[in-house]
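This document starts with one chain, in the form predicted alone, laid out as structure tokens.
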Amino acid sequence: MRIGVIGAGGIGGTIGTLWAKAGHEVFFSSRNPEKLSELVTGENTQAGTVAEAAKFADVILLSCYYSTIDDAISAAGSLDRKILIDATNPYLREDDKIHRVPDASSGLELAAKLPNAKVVKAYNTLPTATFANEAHRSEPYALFYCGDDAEAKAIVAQLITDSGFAGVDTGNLTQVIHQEPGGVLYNHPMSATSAQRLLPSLR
């Protein structure tokens, strides 16, 4: 799979590296691509601009700050028909403090801004350290995803498996509220078995 990572910081750099180790072709990008050289570790990894990553990829991982989403999608150019994995969360930094934006859903907002992209919410419920240190456990952590396109979700489910986690489908994109900050699935590491027991209570 050809994957572009837009926002190759903690989450993007870590997840992209896991995909590259699984054999996928990964193109890392950010506003400062010259700082991404350490992520280029083999023939199946490269780094460059956001526009270059978007053109290269069939699947895009958007893992930038909430405040820079509009700049990122503008820099990317057309994302029509691309599978767009939204790993963002609605947090803002003000006065050196990070706070959650009330009544905001970055997943729903992104889908409204990019109606011709196939948005799947995933990779936003666990912290960077968990992705970096606890992939490929004998009992993998659940990684939740939701979206409205069945084919796109199937591809994302496989990518979740490839990165060392257990994909758990929470439904269509309206279910994203459970995965984003304040939701019962956000920042609560659990096994796939525990996650499946929890799902019926969310519907």
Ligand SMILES: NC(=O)c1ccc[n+]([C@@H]2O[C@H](COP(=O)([O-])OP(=O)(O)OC[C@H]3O[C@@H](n4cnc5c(N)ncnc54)[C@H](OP(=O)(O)O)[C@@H]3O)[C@@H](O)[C@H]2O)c1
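All figures in this text were calculated on a predicted structure; none of them were measured in a lab. One-based numbering along the sequence shown.
The discussion below concerns the form predicted in complex with the ligand, not included here.
Partner contacts here mean any heavy atom within 4.5 Å of the ligand in the predicted complex, and among 161-169, 141-149, 65-73, 51-59 they occur only in 65-73.
Taking non-hydrogen atoms only, residue 128 approaches the ligand to within 4.5 angstroms in the predicted complex. In the predicted complex, none of the heavy atoms of residue 182 sits within 4.5 Å of a heavy atom of the ligand. When contacts are judged by a 4.5 Å heavy atom cut-off, residue 137 does not count as touching the ligand in the predicted complex. Residue contact with the ligand in the predicted complex: residue 11 places a heavy atom within 4.5 Å of it. In sequence order, 87, 88, 89 are the residues of 75-89 having a heavy atom within 4.5 Å of the ligand in the predicted complex; the partner itself is omitted from this view.
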